[in-house]
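The chain below stands alone and is given in structure tokens; this is the form predicted on its own.
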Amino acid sequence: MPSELRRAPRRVVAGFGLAMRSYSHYLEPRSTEELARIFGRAAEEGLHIALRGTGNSYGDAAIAHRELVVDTAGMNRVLSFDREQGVIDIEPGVTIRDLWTQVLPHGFWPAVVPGTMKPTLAGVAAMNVHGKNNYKVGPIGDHVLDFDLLTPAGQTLRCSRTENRELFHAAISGFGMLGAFTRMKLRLKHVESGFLRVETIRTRDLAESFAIFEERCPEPDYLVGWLDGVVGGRSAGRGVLHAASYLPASEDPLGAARSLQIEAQELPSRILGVPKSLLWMGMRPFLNNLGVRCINAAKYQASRLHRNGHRYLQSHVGFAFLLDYVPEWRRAYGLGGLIQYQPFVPRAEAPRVFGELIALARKRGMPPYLLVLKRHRPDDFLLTHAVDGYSLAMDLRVTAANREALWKLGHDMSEIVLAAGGRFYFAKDALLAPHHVRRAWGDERWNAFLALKRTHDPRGVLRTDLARRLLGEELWGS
């Protein structure tokens, strides 16, 4: 007779990039009590759990093949909101969109957001997500005041910088392996206007892109660079940087009372007259090496229509959530999907290392179709990806023909990154091996994490495909 959890419905579950999938039992609890019962039953039945929100990790961080995926997105209440202090208490399934629509009309904005508004706050905290302002305000974990963590061992622990502080700094960045966030308190950013003042800066090559970053940081509130990963030669790494700063109320052309409203922030439903829901279909024919070369050239040339340093106003949502302009854009990559490779490299080594990575990918015929350059600062979280340096997010197309070669490319790129003292980002990873993480974080950090895992999840209930890949032999012998 199948056990209770093994009778749960099955479904195919994918990572955000669609390149990694699992066939899993699937449950959607609506309360902490229900989630606790699932943890207990899974321990009794020897079934492993992958915690999942809206599934925006690119690789295998929220899937578990032939195991149990537990979707906490339905636990999504706002518990309290202090409009004077800018502090909000939420359940784990609250999304970035839920958050900003709740707080922006009152003059607040999430201090840190990723490139899409779809992730849940539990997922964002588990990966210690960073934004385009990491160099200035750190990752999301720096703005978490406290949280409740339900562990597979059956405890609910209050964690903060003073209470269970070791677990606080490990669960944030611990990719969902130490327990489930069931409540979280965040400090928000006060803003006077619904707009940012954005400046575009065109760069001729990778060296100039780095030079501008070094010159401008930390003056603007946000700084990010789009780079061309397909073109080579003297133009390799050319791009367009965007520096953005919060607008004071006195300069708001609509008036803050209007610009802070949700209606003033919503993304357009059509682009060039075409419904957004259809745009990914038009992108598909161009997602090959030649097509992306043409698109990137056109984008770079279009930046010449304005003088360097052109400034304009843009809404918080319009600037922050570029990935949401075209719904389901990832489907344009075809059946194989994509992976994103994002190394973090110390400041002194980053120009050389990123130049080598781009050149290696181009040489092997698998150039990155999107490159995003960001500046970072260190933080106190146990498995933080951040360093005093830079990251380069690289979108790589996966096909049946290139998959083996692409994974080999990832291995070789990781060796270059590690030799320079770099780290990686579990929200994006699909390629790392156990020895890579040991070298990236060092024995002391990694052993401390494994000790916490054995303490708070002694039966190994929480095990995603990512965890099996990176921790399997050390914790489970396979």
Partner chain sequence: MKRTYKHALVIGASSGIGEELAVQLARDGAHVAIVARRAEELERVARRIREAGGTVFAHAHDVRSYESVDPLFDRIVDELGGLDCAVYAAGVMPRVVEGEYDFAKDRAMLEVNLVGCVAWMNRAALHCEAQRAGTLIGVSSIAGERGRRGAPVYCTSKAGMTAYLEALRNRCSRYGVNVVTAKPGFIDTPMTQGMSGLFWLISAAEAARRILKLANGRGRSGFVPWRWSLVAFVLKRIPSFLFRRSNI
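Positions refer to the first chain, counted from 1. Given the structure is predicted, the values throughout are model-derived calculations rather than measurements.
There is also a form predicted together with its partner chain; it is not shown, and the following applies to it.
- Though the partner is left out of this view, K136 does not reach within 4.5 Å of its partner chain in the predicted complex, counting heavy atoms only.
- Residue contact check for R10: one or more of its heavy atoms lie within 4.5 Å of its partner chain in the predicted complex.
- Looking at V461, you'd find every heavy atom of it more than 4.5 angstroms from its partner chain in the predicted complex.
- Although the partner is absent from this view, R331 contacts its partner chain in the predicted complex, with a non-hydrogen atom inside 4.5 angstroms.
- Stretch-level contact analysis of 54-62, 419-427, 439-447, 22-30 against its partner chain in the predicted complex, using heavy atoms and a 4.5 Å limit, identifies 22-30.
- Only one of the listed residues (A298, L335, L272, L79) places a non-hydrogen atom within 4.5 angstroms of its partner chain in the predicted complex, and that residue is L335.
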